[in-house]
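We begin with a single chain expressed as structure tokens, specifically the form predicted alone.
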């Protein structure tokens, strides 16, 4: 059954509702503040306003239903499996690094059309884009869960299911509300959009949100290798991506987002040789970038791929660091619940 209540994110609809029901605008502001800034439970947010029952019957807070939750027994990661109104499944991951900082990995689509060889989501194909309310409800429900653990969302990264820049307008509206003082008021410098590399959209995103960070899923600076693992690389060659990163540096530097993250998934025998590292150094010359080396998380859909061993990852990183490239070796969280990078797939237990 379709929910006909007005979404809390539909400002024009909420304004009409407020006028019709003669609700004090300050009451609506209190509900939003309680939910989006203090992460209170729904009933607690409503309890602070006199017309709570009427308002809850007319306004919809959630666009998604929590279908399942899996908690890692190894590192504290949590995977949330959500169901849309029409029964589609999507996944969101709450990560807590060893530093104690909490990061939320948000999905922008059900499935993905990029079809990267190493990614379970890409093997699904694309079903549809998520609407703004569905994107933001992942944040809200994860934030409410984190609050029950006395945690708070620090970083919000669009690294979940889907290619965010294939869903531009919904992504941009979601970021606008995430950073708007009347809604989540989340710092744009703690929002990151990860893309397989769509140059025009990357520049549009920087033009609208210059303080939001961007990450490029690079994975190789050899065109033939990149095309092998990322089909979209045929459309967007490496020289174009390099110029785009340089333009991002120029657009974002005055606003504090001085570097672009280069994500580099290390695959044994594919892109992890010393020559690959030296080629990456040369490609990155005169660019302000930070290289994030990622271990491959195995998926059943790609049995032909294997990750580089730890010693190989460290040797690769050493070449980059010696050349002066800012480099981080990332360690996977949530692998025991299939919540690590590349493992997200709409699958119910």
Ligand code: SAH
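No experiment lies behind these values; they were computed from the predicted model shown. Residue numbers count along the first chain shown, from 1.
Missing here is the form predicted together with the named molecule; even so, the following discussion is about that form.
For the three residues 158, 217 and 297, a heavy atom within 4.5 Å of the named molecule turns up in the predicted bound form in every case.
By the criterion of a heavy atom within 4.5 Å, residue 277 is excluded from the residues contacting the named molecule in the predicted bound form.
Interface membership of residue 84, defined by any non-hydrogen atom within 4.5 Å of the named molecule in the predicted bound form, is ruled out. Contact check for residue 194: a non-hydrogen atom falls within 4.5 Å of the named molecule in the predicted bound form. Using a 4.5 Å cutoff between non-hydrogen atoms, residue 134 does not count as a contact of the named molecule in the predicted bound form.
With the named molecule omitted here, the record of contacts in the predicted bound form names 160-168 of 238-246, 138-146, 201-209, 160-168, defined by a heavy atom within 4.5 Å. Of the candidates 130, 90, 265, 94, 265 is the one whose heavy atoms come within 4.5 Å of the named molecule in the predicted bound form; the others do not. Taking the named molecule as it sits in the predicted bound form, the stretch 118-135 comes within 4.5 angstroms of it through a non-hydrogen atom at 118, 119.
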